[in-house]
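The same protein chain appears twice below, in two forms, each given on its own as structure tokens and labelled structure 1 and structure 2.
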Structure 1
């Protein structure tokens, strides 16, 4: 079916105001009497707090308030598991934990005041590695973690936050039936989301006593709920006002400093702004979990996977507070089965306490770690079986009717078509263009996200339509997509549909942004609301006896009777449906044998997609995720030693730049069977997870060096080559 607006490559309409500085982010909010808040952070990974002297800070001119845990309610915060204090009360558990907070007339005075606070600590034993943290005799971070609100019941060790399992068949019986068994262990690094806008927020208390919040947060209604709990206030007393978000990638869903800003606002009687410096982001944000993943796979003589057991240890840091999943774990661990038919499967994921920065969600939480391990493992097995890695994958790909690790039943599986498209476009079977050049393939899949979203559409007196929505646009172009959906349904030009951003007063609930769900839930809500408004417009035109009446005439006729034509829809997707989206990627790399330097010569990414609502934004999501995957594979790492992060600027952290991006080929296999509006599928998180293993597999193909721990640096490859020389 041909569409008028859907499927058209329309450019971002908010780009000019964002690049010109006109867009007002949370950190730009200014209110009368506004003051600045800053937090003092622990320099030690694990220590008892013996004494805090704030007298000099309080005496500094321009300081309005200094608070410690003794000045605050004894409340724990979190997203699902509530185990993190507002300020460290008796001890600190990681370098960067907040110990005190100040409010001052400007940020420089606030920083000066922090330097005047004297804290006396007593060192405590610390543990940093998740393997060591669950051994007998390891330092215990939380004496009774099972008592925390939201804590899972299973706890094989006091330092285990949570356990998540996926099981199919009988894995031990599967291993007994296997002809060969392979086992490998992989490690992934601590990695930041890399958004440019740091966590920022403004909290004020208005003349009616209501708490007004502006925050860089993608889930305003959940934020309202969490603040209600943290501040011990009724939800109706809090309003979250939406602002543009300068990048998210999973990291903008927690309360962060907002409860402290509220307590400073109470203490000073003035609105308080708190903006994290990037040093604070990197030492106390909520980055991607490092992981230690062991995979054991049994195969038959003909190269069929019979059984797999996966054990993943996620280094979760000092608190579980930043994880929103119901299991307080990482659902992406289900990707331990990959895109393959495995009758006998057991995946166990353990999130482990350590004296490191607490970790949270990052784009495709848990999946890049697990897919790196799983797809590297597949290539290693293929080489041992003397099989082409692509052929080994072909023999094991999911088919219609198969089950995923979580028991989800699949239909309309397009794994094979996606793999073949990537292989063809990357010239997989052709000779390589020279020595020290290799190719590597990897695959993944992703369901469209579920959740619930409200939309309200209103016909204005001038004949234009306004869409009221409470979904923030995190930089993805989501608001443009929603406008396209409404314009398509109502038969309007795009510029006659406007977006109005709701507050948490306008609807009762909304699940917000995350999990590749915005086009699904927001789009379907907008679609159905627009359909309802269309029916009203048609009925109104019939009453006028003029079916061809203009929309402005229809709106004005209704207004003369005191009516406004508007319609709302609440869309609640409780299940994924049976369709998942597949991705296959091929990297071609060159390795310099003298230095170990890896250069990605070309990258091919093939995607099984539904109806594409906006091709420009769709491609932007593919390329953005791919480039993040490139950084994860080759350069990004928050380096730590004894809990101390040494990469405390984006320059040290090494995000990819334009010079790091290889030539890209994108292949889209369109098939309109998705659950989104007009049969759209998810794309936001599909392109990131298979990048690292594709590159690792290509490096092994190019020079024989297998990198088991990310990132794949020149040093690791160089020493791998030297080790190979010594053994030969």
Structure 2
């Protein structure tokens, strides 16, 4: 079907505020009388708090309030499992945990006041490594985690937060039936989402007691629920006002400092702003879980996978509070099966408490970790079997009707086409251009997000249409996509569809942004609302008896009778999962034998996608995710020693710069079978996960060094080369 507006490369028309500096993010919100909140954080990984003396801080000029746990109700917060105190009560469990909070006239005074708070601690034995944490006799972080609200019941060790399992067939029987069995263990690092806007929020209390919230949070309605619980207030008393978000990538879904800002606002009678410094983000944000993953795979003589067992330990840190899924685990662990048909499968993922920074969700949670392990493992097996890694994959790819461990039978599987497209575009079978150059392939696939969204469309008296939506703008360009959808349905030019950002007062619910869902859920909500409005317009035009009359005439005719033409739709996508999107990527790297330095000479990314609604935004998602994957592969690492993170600034914690981006070829295999509007699929999380294994496999191909732990630094490759030399 040919579309007028859907599929057109429309730039970020919605971004004039962003390029002109007028966009107001949460950190930019100023209110009359606003004061600043700052938190004092624990310098110790595990300790008892013996005494807190706030008297000097309280006496400092310009300080309006100093609060400790004793001043607050004894409430635990979380996204799904509620195990985290608002402020540490009697005990701290990680370096960076908040122990006191200050409100002052300006941020500098607030920081000065923090330095005047005296805390006496008594060290407790601590545990940092997830393997150690689940041994007998390990220091216990929480005496009775099973008693926390939202805690899963299975708990093989008190330091286990949750266990997630995916199972098909009988894995032990599968291994017995295999000709050869391979096992490898991989590690991935602690990694921050890297959004450049640290968490920011403003909380004010109206005269009538209404709590007004502005926050860098991507799920306004869930935030309202969580705040209602944290503040012990009825939900109706809370209003979340949406602001643009300066990057999310999974990290902006918790209450973070907002309950503290509320209590400071109550204590001071002023609106309170709390903005984390980037150092605080790096010591106490909610970064990507580091993992230890063991993959064991049994294959037949002819290179077919018979059985696989995956065991993953995620080092979750001191609290489970930041994980939003009902499993309190990482759904991406299902990708331990890769893109392969495996009849006998057992994946077990354990989220483990330790005295480290609590981890949360990061773009495609759990997947980059699992796909690094799984796709490296595939190449290592292929080498042992003397098979071309692409050929080994070909023999095992998923096909139509295959059953995934999540219970879905797949439809419209394009694993093979996607792989072949990536191989072709990357000149896989051609000779490499020189020595110390290697190529590596990796694949993944991802479901299309589900959730629920409310949309309302209204015909204005000037004949334009307004779309009201409560999905915050995290930067993906979703608002533009939604406008395109409405304009397409109503046959309007794009600039006659405006978007209006709702608050949590305007609708009853919305699942918000995340999990590659917005084009699907928001798009379908907007689509159906627009369809309904179209019917109303047609009926109204018929009443007028002039089918060609303009939209403004129709709106005004209705207005004369006291009516507004307006339609709402609530779209709830619960049961979906049979269609996924495949990704195949090929890295071509050069390794400098003198230093171990890895240069990505070229990168190819191929995607099996649905109808593309906005090609510029779509490509932007691919490129952004891919470069995050590149950072995860090669440089990003929050280095930790005994719970102390040593990379506490963006100078030490390296994100990719504009100089790090490789030449890129993108291949899109469009197939209009998605559940989104106009058969769109999802793209936001499709490009990140396979990058690291593609590069690791290319490094192995270039120089024979197999890196089992991320990131792939020059140092690791260099010592790998030395090792090989010594052994030969």
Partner chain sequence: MTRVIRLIVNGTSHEVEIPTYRTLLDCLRYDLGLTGSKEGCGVGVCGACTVLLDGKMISSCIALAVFADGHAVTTVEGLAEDERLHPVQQAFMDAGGFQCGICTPGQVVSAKALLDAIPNPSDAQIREWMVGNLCRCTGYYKIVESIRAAAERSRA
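For clarity, a rigid core is taken as the largest C-alpha set superposing within 1.5 Å between two forms. In this text, all values refer to a predicted model and were calculated from it rather than measured experimentally. Numbering follows the first chain given and starts at 1.
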Label of the structure corresponding to the form predicted in complex with its partner chain: 2
Threshold 2 Å Cα movement between structures 1 and 2 at residue 709, rigid core reference: no
Yes/no, residue 15 Cα shift of 2 Å or more between structures 1 and 2 with rigid core fixed: yes
